[in-house]
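Heads up, the chain below is alone and in the form predicted alone; it's given as structure tokens.
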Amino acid sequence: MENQKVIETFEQMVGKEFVQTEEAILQEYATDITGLRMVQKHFGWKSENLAQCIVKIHTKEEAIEAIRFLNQEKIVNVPRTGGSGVCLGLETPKGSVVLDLSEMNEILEINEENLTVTTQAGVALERLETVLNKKGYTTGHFPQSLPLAQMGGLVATRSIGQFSTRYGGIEDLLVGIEGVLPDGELVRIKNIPRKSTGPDLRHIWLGSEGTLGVITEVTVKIFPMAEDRCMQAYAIASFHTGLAIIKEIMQAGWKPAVTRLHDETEAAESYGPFMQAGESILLFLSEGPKGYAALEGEAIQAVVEKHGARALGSKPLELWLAHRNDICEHLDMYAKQGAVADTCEISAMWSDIGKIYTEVLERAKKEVPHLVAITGHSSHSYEQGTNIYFMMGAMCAPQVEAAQKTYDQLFGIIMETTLKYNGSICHHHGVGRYRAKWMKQELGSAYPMLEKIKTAFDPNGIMNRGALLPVE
């Protein structure tokens, strides 16, 4: 169908004022906030793959009608809420249609008996948290994208929050969900605490990144606000010592809400006044019912003292809480200086995570010209392993192509090393289009299962083509 007819169809469907075609807006929606695009924009990058239009969706009925039409005409679409993706998952294929659900922003129910909240997909997490806090509750979900993120996108990217050790990732919080399949069928998975009725169909939506349908509504757990909190920081001899401490704490059964380990470079940069040369830093925040935080804090202290840690008190935690969401501003600052800078989070078992950290840093320092820095911290831990959140930056010639080459080299080292040690190439930011090229290696013999799911749900290939699964 011709572009103009597509646009006219949507204007009749949702109203002319809710269909945007201006080139400046199409450029704004053409990508996400990936570090690569930030610096490339300073070098003059503009997308050559613009969408036909942006369609603002306000109701599930509009979503059904829009998806049904797109499937009938075999037009690729990109579902979008807060736009805080960092892996090119929102980049628009040429001639696609963006379905913007950010104005589906009603909080539908706060159920204090069942401790759940039900929202439309476009509800901003920061707003939801404010509303819940006034009633004495919290979602327990605090991703770094908190100022931007919206509920549908959090589910679609399999998000995790900074207090995850206690409250879990979005997969642990999701109770029920509603969405529109690529053929326009509305499906709902009812709210229930647990069931044994075959595969958990919520997981079709979790991490689907807009490739299997459009999420319209979610129900997640909520928690009473913590009565007590204990915050403590420790200086330790090395990053590897910190990994050993976290492993011991997690495997003993403790779950401090915040469990963070920053290597010596990050420790010196962010917590300099507290540190001595060469030290890494551990941050712990425990919270819960009255008495719980103090008990957990005492157990943590006993473990870290065995490893020769130096107590730093609560001030480093207070500093972290005040600045924990500043990273987007820092990346843009680096981009303005002509540096390729970004973050990349991976995960692995305890037996391998230290090897990945060491080898990535060694390779980057040897192989990447004009490397400014590469650092790592652990921020989400489990009994079986943890994640490493790498932060990296390098100077490059002020050219779009040069930035791409440097970015590919930095990211490639992390991906290759992680796969070498059987880790996962992505812990919580999602795959998007950038990491899709490594998905066959990531999933191995299970990759055909993902292909078959995609084909079964989206035989016409209209849903966010190129995200999650690579396009050959």
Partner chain sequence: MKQVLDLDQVLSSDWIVQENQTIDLSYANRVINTYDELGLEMMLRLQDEDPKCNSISLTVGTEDTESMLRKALALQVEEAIRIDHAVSMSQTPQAVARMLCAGIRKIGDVDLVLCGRQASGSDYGQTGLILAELLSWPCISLVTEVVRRNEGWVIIHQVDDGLEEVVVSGPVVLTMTQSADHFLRMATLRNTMDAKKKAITQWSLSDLEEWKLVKETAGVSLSRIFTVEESNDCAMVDDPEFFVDRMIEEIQKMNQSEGVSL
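Residue numbers count along the first chain shown, from 1. Remember, it's a predicted structure, so these values are computed and weren't measured experimentally.
Beyond what is shown, the protein has a form predicted together with its partner chain; the following relates to that form.
Pro369, heavy atom within 4.5 angstroms of its partner chain in the model of the complex: Judged by the heavy-atom cut-off of 4.5 Å, Pro369 is in contact with its partner chain in the model of the complex.
Its partner chain contact at Ser270 in the model of the complex, heavy atom, 4.5 Å: Yes, Ser270 sits close enough to its partner chain in the model of the complex that at least one of its heavy atoms falls within 4.5 Å.
Lys290 within 4.5 Å of its partner chain in the model of the complex, heavy atoms: Outside the cut-off, so no.
Heavy atom of Leu283 within 4.5 Å of its partner chain in the model of the complex: Contact with its partner chain, no.
Residue stretch of 135 to 143, 293 to 301, 335 to 343, 176 to 184 approaching its partner chain in the model of the complex, non-hydrogen atom distance within 4.5 Å: Every other range fails; the passing one is 335 to 343.
Residue among Phe223, Trp254, Phe274, Trp350 with a heavy atom within 4.5 Å of its partner chain in the model of the complex: When its partner chain is considered in the model of the complex, the option within 4.5 Å is Phe274.
Candidate from Lys306, Lys94, His323, Lys355 lying within 4.5 Å of its partner chain in the model of the complex - any heavy atom: Only one option qualifies, and that one is His323.
Heavy atom within 4.5 Å of its partner chain in the model of the complex - qualifying residues of 291 to 318: Result: Lys315, Glu318.
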